[in-house]
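Taking the form predicted alone, here's one chain by itself in structure tokens.
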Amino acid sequence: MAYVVERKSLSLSERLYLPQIVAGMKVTLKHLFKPNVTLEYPDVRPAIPPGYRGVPTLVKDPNGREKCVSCQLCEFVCPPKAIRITPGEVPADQPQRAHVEKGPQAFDIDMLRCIYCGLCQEVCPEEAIFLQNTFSMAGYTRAEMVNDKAKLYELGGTLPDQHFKWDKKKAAEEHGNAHH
């Protein structure tokens, strides 16, 4: 047996939707004079909180030398295996790096695999990897999202080195103390 529900008829104001339109205009006017809570990204960038972990990059020392000695600790500690390093010899035309045994021939970070955990930065004994504040990367292909050595140095640049480890080691070697 079918049950029939009878609707009561709408009043004149309900038929004209006036209370709903006035309520909507009230909300619009209330938000019109409030300060904006959104940003016009990418023209306006949000403030990055301290301790933010962005894109991993390679950095050079203040003398323009590669700090990476291709020890591959970052490659071994990377949980998603996003880092690939091919160790190579240090070129003979770089006497300022003569005390270094190896350097990276190829250094790739797959940004589609990277989880921004920061373990590569923590484990690096030469402080050659730094996570920058860059948070937006774009590319049309998967190959564009793999940062090679040149791009990693371009993103990282040169950071001030407070330890001057290589300079101290070189000075110690010149003074006959090779184990400094």
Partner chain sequence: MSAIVELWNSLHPVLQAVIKGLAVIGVIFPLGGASSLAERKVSAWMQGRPGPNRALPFWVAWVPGISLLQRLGVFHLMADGGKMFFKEDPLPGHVNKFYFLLAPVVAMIPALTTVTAVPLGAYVDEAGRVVPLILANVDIGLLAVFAVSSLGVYSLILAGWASNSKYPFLGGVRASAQLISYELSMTLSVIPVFLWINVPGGEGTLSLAKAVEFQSQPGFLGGMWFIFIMPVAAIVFLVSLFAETNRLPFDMAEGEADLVGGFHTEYGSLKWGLFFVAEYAHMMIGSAVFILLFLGGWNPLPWIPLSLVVEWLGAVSPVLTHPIIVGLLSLGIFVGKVLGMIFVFMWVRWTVPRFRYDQVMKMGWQKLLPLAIGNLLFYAAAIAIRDLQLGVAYWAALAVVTVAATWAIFANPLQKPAL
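Everything quoted here is computed from the prediction, not taken from an experiment. Residue numbers count along the first chain shown, from 1. Only the largest set of C-alpha atoms that superpose within 1.5 Å between the two forms is called the rigid core.
Separately, the form predicted in complex with the partner chain exists; it is not shown, and the next lines address it.
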Only one of 58-66, 125-133, 30-38, 111-119 gets a heavy atom within 4.5 Å of the partner chain in the predicted complex; which is it?
30-38
Does the 4.5 Å heavy atom contact test between Arg15 and the partner chain in the predicted complex come out positive?
yes
When the contact criterion is heavy atoms within 4.5 Å, does Ala172 count as touching the partner chain in the predicted complex?
no
Wondering, does Pro19 line up within 4.5 Å of the partner chain in the predicted complex on heavy atoms?
no
Flag Gly157 as yes or no: does it have a non-hydrogen atom within 4.5 angstroms of any non-hydrogen atom of the partner chain in the predicted complex?
no
Lys26: after superposing the rigid core, is there a C-alpha shift of 2 Å or more between this form and the one not shown?
yes
So, superposing on the core, is the move of Pro35 at the CA at least 2 angstroms between this form and the one not shown?
yes
